[in-house]
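The form predicted on its own is given below as one chain in structure tokens.
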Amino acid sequence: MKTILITAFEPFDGETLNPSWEAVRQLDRRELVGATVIARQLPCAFGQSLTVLQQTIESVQPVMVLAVGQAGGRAEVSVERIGINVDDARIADNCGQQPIDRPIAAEGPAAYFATLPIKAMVAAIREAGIPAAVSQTAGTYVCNHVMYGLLHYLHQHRPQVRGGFIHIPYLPEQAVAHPGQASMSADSVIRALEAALTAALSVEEDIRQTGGATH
């Protein structure tokens, strides 16, 4: 049976949990549309995260890779459109690294677009009754580092494998410590990821519907 690799991060920035891993680990060994989901945790660290990711891709041999990360403050599931070739860290990672204006791949292009059907994934998540939207930026921290690094690696070594990234909000128990910030239950996030993966496996050519932004 073919496999899908889905990754998430360890906690960072003083948090005791990371909602991405709390949700993603529940999908490990789940079967969707004739594929087995394999879940793996990545370190929240520049460089090391990509080393672990690349080793896991070679071990698992997936047909698709979806990376998931926390975006505290966002109110909906964000399916990312693009990863850019820069690390510009507002805070240090879990290894104490804080790169500023550093390219992820010195000879790489400025950006890569996700190769998953992002608008079909957003539509599927919304059909499941969960807020979702296309996002035009994955930031410049470790999430973007992983998104760009994933797509760069697949482009160079496994062009037949599709890849992308999803950001999710805080869990309610995290939002308690962040007054005024949105949150989403783990159950809703899990259902959103199941819907997104099912759409990604089922749709070859993305649907055409608005997903842009005015700012």
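Quick note: we count residues from 1 along the sequence shown, nothing fancier. None of the values given here were measured: they were computed from a predicted structure.
Heads up, the form predicted in complex with another copy of the chain isn't pictured, but that's what we're talking about next.
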When the contact criterion is heavy atoms within 4.5 Å, does residue 172 count as touching another copy of the chain in the predicted complex? yes
With the cut-off set at 4.5 Å between non-hydrogen atoms, does residue 115 touch another copy of the chain in the predicted complex? no
Please determine whether residue 36 contacts another copy of the chain in the predicted complex, using a 4.5 Å cut-off between heavy atoms. no
Partner contact for residue 105 in the predicted complex: another copy of the chain, 4.5 angstroms, heavy atom: no
Under the 4.5 Å heavy atom criterion, name the residues of 162-198 that approach another copy of the chain in the predicted complex, in sequence order. 167, 172, 173, 175, 176, 179, 180, 181, 182, 183, 185, 188
